[in-house]
Every structure is written in structure tokens, then in C-alpha cells.
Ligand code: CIR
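Listed next as C-alpha cells is one chain, alone, in the form predicted on its own.
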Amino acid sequence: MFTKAITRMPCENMIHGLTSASLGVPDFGLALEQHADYTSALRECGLTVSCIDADEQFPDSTFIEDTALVTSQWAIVTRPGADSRRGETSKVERHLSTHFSSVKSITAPGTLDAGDVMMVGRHFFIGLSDRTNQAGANALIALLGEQGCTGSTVAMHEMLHLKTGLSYLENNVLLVSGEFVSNPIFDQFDCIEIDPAESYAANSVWINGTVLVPSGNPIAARAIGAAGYTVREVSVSEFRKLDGGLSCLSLRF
């Protein structure tokens, strides 16, 4: 069960954020409204939410998930793969220090975006992507070992992040899409395959029995509901324009 979440306010400079989506420029005002609703959804799931102020130096900083891997017991600050995002971690680390007595860090030459990390119990799947390299994965696996956890890598060829195409919904249920559908690494799970037309919904978020699903994906929402979960749809169209998804917008622990 999760009890807390940390978010980070979007900045006006988000319109200059990194993207390959070709969906147009984000509407900042609408992004603020969507972020507020996202925060409301977290609270509806029983979480206490704290929010770090916006920082105009870092257009992508609202995607806080990439900057840290957090559980109820420990936190690891990452070293983002995009040079323009490296400075985002300092404020996140300071905020995490108010929750945890010790915060570890990934250091050079490792790069790691936590959007490439999927937690399943005490095991962590780590995608090797353009943002996460082998050195970063190795460093994370070593730090996980200090916490009595394990990690393994997943080769990637298409997705920006591992969790672009995967979401663990607990109870051995996994949302899968794209290049991960036929990957034998995930044969152990009861998989819900996301329709290719709704691949964006593969990045949904389980929180205490409720699954947050991006609005506009009715096939995925029905499939998740049919699996026994409460579905709460959240509109994140402006964040999608920056290649961001639901999980990207918070740290949950």
C-alpha cells in the first residue's frame, strides 16, 4: 500500500521540453488544470501529496519520476540520461531528505531514468534505453542489493522508457504493449495486452486497488476494470505532448 506521493509543479517553460511526440505545443494553462486533477486522483486513492515548486530552468522537471526511485523504506536519486535534466535532482534530493534518513545516488558514468524501472515486490526490472545505460543499471542493482532487493535488465529497442509499455498492477497482473508483448521475460505474469491504438494507456498506475488510466482509452479502461480494478480516468493530454505519462508525474511510496 502507498501512503505518500511527491509531485512537482509544471513550469511555463514546459513548452520547450524534450519530445519526439509531434503532438503540438503544450497548453500551459490546461496542463496546470490536468496536474491539479492528477493530484486530486492521488488523494482520492488515500495518499498524502507534497509538491515541489516549479523550476523554469528545467522544462521537463514536472516528470519527477525519472529523478528518483522511492519505496516506503529507502530512496535512490538517479542520474538522468538527458543532459538537460541532470540539474533536476538537487531539489528532489533535498525534499526526499525530509522523508528518509539516508538517500543514495547513481553516479557517473551511469545514467538512469526511473521511468525505466518497474518494481515487482522486491525485484526491479530495469530497461536499457537511450536514457538508462548498463553502468546505471549495474549501479542500481548494487544499491538494491544493499536493501535486500534484486534487479535485472530488459533490452529495449522501441520505447522511450520501460514503463512507456509496461505497468505492474500488483497481484501478478501486468499491462503490456508494443515490443514487450511477446517478450518471454514477462511470461510469468497474467498479462493484459493493450490494444495498439491505445498504447499510451500501457502507462497506467496502480494505487491501493485503483488504477489511474489516461483518459480517451476506453478499450484499456474496460479491460482493466474487467480484471477487478477500480478505474479512475485522468486527462494528461498536455503531458503526452512531451512524451510523459501518468507514472511520470509523481513519486509514490
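Computed from a prediction, not measured in an experiment: that's the story for all the values here. A residue's number is simply how far along the shown sequence it sits, counting from 1.
Another form, the form predicted in complex with this ligand, is not on view; read the next lines as being about it.
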- prompt: Taking Leu18, Phe63 and Leu160 as the candidate spot, are all three within 4.5 angstroms of this ligand in the predicted bound form by heavy atoms?
  reply: yes
task: Have a look at 225-233, 5-13, 21-29, 239-247 and name the one stretch with heavy atoms inside 4.5 Å of this ligand in the predicted bound form.
output: 239-247
message: Taking this ligand as it sits in the predicted bound form, is Arg79 in contact with it (heavy atom to heavy atom, 4.5 Å or less)?
response: no
